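Only one chain is given next, in structure tokens, and it is the form predicted alone.
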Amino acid sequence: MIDVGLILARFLHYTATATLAGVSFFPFYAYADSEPETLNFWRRKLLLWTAVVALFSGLFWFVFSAATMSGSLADLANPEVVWAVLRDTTFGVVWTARMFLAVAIVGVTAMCLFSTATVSRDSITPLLAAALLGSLAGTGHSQIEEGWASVIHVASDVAHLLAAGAWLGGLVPLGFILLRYDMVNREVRPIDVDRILLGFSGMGYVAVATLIGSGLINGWFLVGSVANLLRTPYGQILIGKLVLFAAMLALAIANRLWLVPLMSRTRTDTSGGVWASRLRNHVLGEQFLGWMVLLIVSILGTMRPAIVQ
């Protein structure tokens, strides 16, 4: 029961923080000028809701983590147990700082949503969201090394988290835009879809390269060898994550090299709507696969790394 609760809490928190970061990064590479007002309002609402989910899922994460350390959920009724986890464990110290940060993000996103100021690019939320997402590196397996190895592992983990957030979180507003986009009725087209797709592709190249490079570094620290990858439960589940990542990458390549050019060339044809629909389905497919990757990451975080088994 506790293990399942811990996995679900981690999954919700990872999903919320990745979405929060990716959605807040989106305007910086997607638009040449200011963001359309309708999309800006939708995105600000999404940022507030994801910030709230990140905060409450973080609270549930602490509850189940503390129960795992103490052995029972009932032990959390003892303030001394809770205080010991907060004060005497690395997880507790980092978690406390992250929750203060999450509260700040809820406040900032609420102010942005209800503000009557002119639509403009918000630079505060992306910085706070990046800090919240990157600080997850302080709660995971990157803490098992010491010295320079620990610095390298933590830095690699932070880069991995930020790249994943930019990609997975960016898919959410991209999917929303494509769902609103109507190839036939051009009157409902509020934005330059081609530019957004190219901007997302450019960001995607950097994100994928970072994920692969940091993934290899993290794999060296946590797995150590091909034998450990193939023979340990941790390594075998990690293979499942790599398969899902490869499927996401295949969809992304198909989008960039096949569907986007076809959609642009057939913009004035009736067949253009078909390609736009397929592109939407591919983006939604990437989102689903990304969530499955995060679920596997949530499971791996509760397991002993392959290198120490």
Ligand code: HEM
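Predicted model only: the values in this text are computed from it and were never measured. The first residue of the shown sequence is 1; numbering continues from there.
Just so it is clear, the following notes concern the form predicted together with the ligand, a form of the same protein that is not shown.
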Can you work out whether the ligand is within 4.5 angstroms of a heavy atom in all three of Ala16, Phe64 and Met99 in the predicted bound form? no
Between Val283, Leu259, Met248, Leu55, only one gets a heavy atom within 4.5 angstroms of the ligand in the predicted bound form; which residue is that? Met248
Among 238-246, 29-37, 46-54, 65-73, the region lying within 4.5 Å of the ligand in the predicted bound form by heavy atom distance: 238-246
is_contact(Ile212, the ligand) in the predicted bound form, heavy atom dist at most 4.5 Å: yes
Evaluate Leu132 for contact with the ligand in the predicted bound form, applying a 4.5 angstroms cut-off between non-hydrogen atoms, and reply yes or no. no
Is there a heavy atom of Leu161 no more than 4.5 Å from a heavy atom of the ligand in the predicted bound form? yes
4.5 angstroms heavy atom contact with the ligand in the predicted bound form for Leu216: yes
For the stretch 284-308, I need every residue with any heavy atom inside 4.5 Å of the ligand in the predicted bound form, listed N to C. Val293, Leu294, Val297, Leu300, Gly301
